[in-house]
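Just the one chain here, the form predicted on its own, laid out as structure tokens.
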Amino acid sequence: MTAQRFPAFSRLLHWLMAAMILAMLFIGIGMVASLADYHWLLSIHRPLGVAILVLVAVRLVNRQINPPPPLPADMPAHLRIAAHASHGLLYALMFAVPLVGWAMLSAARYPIVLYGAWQLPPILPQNDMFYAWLRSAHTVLALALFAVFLAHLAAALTHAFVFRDGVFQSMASVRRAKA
């Protein structure tokens, strides 16, 4: 059983981003499913995507400064590889989905309003073909993020209830570490 835990700031970022990403995925699905609420949901979706992009950058820097605790020594090699690969994929998708969304809106010349008159600058020139391709890519990447999110959740619950090896507790525990 691993006794080390993630630092408090790492845990805060993890759970904040988990809630934000889950909300973002459901908002995105709601935008597709409800024309009546589309504009209201879109007004939440865009700045939330920007916040996720900023936080994933903060989280990546934090991960370099505060590396995660080691996995249990007795964890099989294939599970170690899966853990590292899934985390790499999660980070890649957490960057890619909002960046592709920003590029998609840039290609359509839609503004990304942060608050009031504050807008993000376009990162691509206006191009209808780019927009169509990026819109499909944004959807596929968001669904892939949801699938990886669910696999991550399943792995975390497996560590908590089947392996009972401390991996889940290293991120989920709110108790202070013993000195």
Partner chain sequence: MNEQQPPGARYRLWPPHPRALAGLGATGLVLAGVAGAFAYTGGFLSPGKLTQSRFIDRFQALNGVHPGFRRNHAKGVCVTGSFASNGAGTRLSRAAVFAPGSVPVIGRFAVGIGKPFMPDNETEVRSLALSFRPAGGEEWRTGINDIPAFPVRTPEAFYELMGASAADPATGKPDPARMQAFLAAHPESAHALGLIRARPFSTGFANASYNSLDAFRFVNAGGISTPVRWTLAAVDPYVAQTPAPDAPRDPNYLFDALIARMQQAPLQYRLVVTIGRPGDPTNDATQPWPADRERVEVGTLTLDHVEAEGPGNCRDINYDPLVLPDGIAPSDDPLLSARSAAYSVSFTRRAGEEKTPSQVQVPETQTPSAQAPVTPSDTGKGS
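Numbering follows the first chain given and starts at 1. Here the structure is a predicted model, which is why all the values come from computation and not from measurement.
There is another form of the same protein, the form predicted in complex with its partner chain; it is not shown, and what comes next is about it.
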Inset, instruction - Give a yes/no on whether A19 approaches its partner chain to within 4.5 Å in the model of the complex, heavy atoms considered. - result: no
Legend entry - its partner chain contact in the model of the complex: R63, any heavy atom under 4.5 Å: no
Legend entry - is_contact(P47, its partner chain) in the model of the complex, heavy atom dist at most 4.5 Å: no
Inset, instruction - Consider P67 of the chain shown here, and say whether it contacts its partner chain in the model of the complex, taking contact as heavy atoms within 4.5 Å. - result: no
Inset, instruction - Sort through L55, A132, I123, L114 and report the residue having a heavy atom within 4.5 Å of its partner chain in the model of the complex. - result: A132
Inset, instruction - Output the sequence-ordered list of residues from 70-106 with at least one heavy atom within 4.5 Å of its partner chain in the model of the complex. - result: P72, D74, M75, P76, L79
